[in-house]
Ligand SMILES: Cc1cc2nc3c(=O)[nH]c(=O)nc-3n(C[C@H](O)[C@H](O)[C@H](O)COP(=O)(O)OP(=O)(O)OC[C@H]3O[C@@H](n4cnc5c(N)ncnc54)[C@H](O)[C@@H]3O)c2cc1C
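Just one chain is shown here, as structure tokens, and it is the form predicted alone.
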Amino acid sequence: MDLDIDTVRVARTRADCVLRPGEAFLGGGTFLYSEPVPAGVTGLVDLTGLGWEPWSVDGSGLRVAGTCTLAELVSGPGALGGAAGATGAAAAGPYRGLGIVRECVSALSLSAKVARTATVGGNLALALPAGSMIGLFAALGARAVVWTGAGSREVAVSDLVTGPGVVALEPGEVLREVRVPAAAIGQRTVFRRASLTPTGRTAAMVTGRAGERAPRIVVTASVSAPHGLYARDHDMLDRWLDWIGSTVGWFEDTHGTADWRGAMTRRLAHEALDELGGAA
């Protein structure tokens, strides 16, 4: 569609990321170009001109740039995680925690064209309940590095999204990169998803990781913001899910009722805990 805006600036340096009145940041733009221009936005600042390396991995862990496309995430970290579908007990190797990357991207039901343009940072910053990058990086214990006007700060990805379309970013802040600790990318991970139709929007998603203390279970899509628990056993998991249902509430829209989403989440969470070796 045609965007009714006056200017587009391509950021080449960090100084170019200082927004002028009426400007907003542009990553891949796949969502922006499918929706009406937000009220008051008259210009865009294209972050892809900064030339960030899409991803890198070293002794400290994995770093994924905010402008890394979903296709680059699959062909890079996703490939490090092993063969497609090799999660949980089937995954092996020093990067087996990344075995769920491909499935989390596939959960978005993207065309190849969109996957080559849509970015990791854009999916996180949109904060849609079905945004599967939230569940991926929350399960991996990742932290987001945020550029601020005065410098930078870090926030856990599990705390970055606070509600549907709401993130812990101040106006003018940029999601620079996501950092996954080395220990997490070496631990077994698990992925479960439910939707009303085989290619429909994700209505319930559970990701998990075999943590050092206990398996880490993360619930997204069926809730308005991510929730995680180190679940020692199924009884503990059930009490936590009961708390979500009674206190937080299950998310509801045209892609699934609250009761159905709650039931699906409970089933998926127990499956995930079993796969990670949780106590019965």
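For clarity, every value in this text was computed on a predicted model and none was experimentally measured. Numbering starts at 1 and follows the sequence shown.
Separately, the form predicted in complex with the named molecule exists; it is not shown, and the next lines address it.
S.K.: Run the contact test on 108, 119 and 201 with a 4.5 Å heavy atom cut-off to the named molecule in the model of the complex and return yes or no.
M.R.: Checking in the model of the complex: 108, 119 and 201 are all within 4.5 Å of the named molecule.
S.K.: Based on heavy atom distances of at most 4.5 Å to the named molecule in the model of the complex, which listed stretch, 182-190, 127-135, 205-213, 150-158, is the contact stretch?
M.R.: One stretch meets the cut-off, namely 127-135.
S.K.: Only one of 218, 26, 231, 223 gets a heavy atom within 4.5 Å of the named molecule in the model of the complex. Which one?
M.R.: Comparing distances to the named molecule in the model of the complex, the residue within 4.5 Å is 26.
S.K.: Using heavy atoms only and a 4.5 Å cut-off, determine which of 74, 80, 169, 194 is in contact with the named molecule in the model of the complex.
M.R.: Checked against the cut-off, the match is 169.
S.K.: Should residue 32 be counted as a contact of the named molecule in the model of the complex, where contact means heavy atoms within 4.5 Å?
M.R.: Within the cut-off, so yes.
S.K.: Is residue 62 close enough to the named molecule in the model of the complex to count, meaning some heavy atom within 4.5 Å?
M.R.: Answer no; every heavy atom of residue 62 is more than 4.5 Å from the named molecule in the model of the complex.
S.K.: I'd like to know if residue 144 sits close to the named molecule in the model of the complex, meaning any non-hydrogen atom pair within 4.5 angstroms.
M.R.: Residue 144: no contact with the named molecule in the model of the complex.
S.K.: Tell me, yes or no, whether residue 178 is in contact with the named molecule in the model of the complex, where a contact means a heavy atom of each within 4.5 Å.
M.R.: Residue 178: no contact with the named molecule in the model of the complex.
S.K.: Select from 221-255 the residues with a non-hydrogen atom within 4.5 Å of the named molecule in the model of the complex and write them out in sequence order.
M.R.: Result: empty, none.
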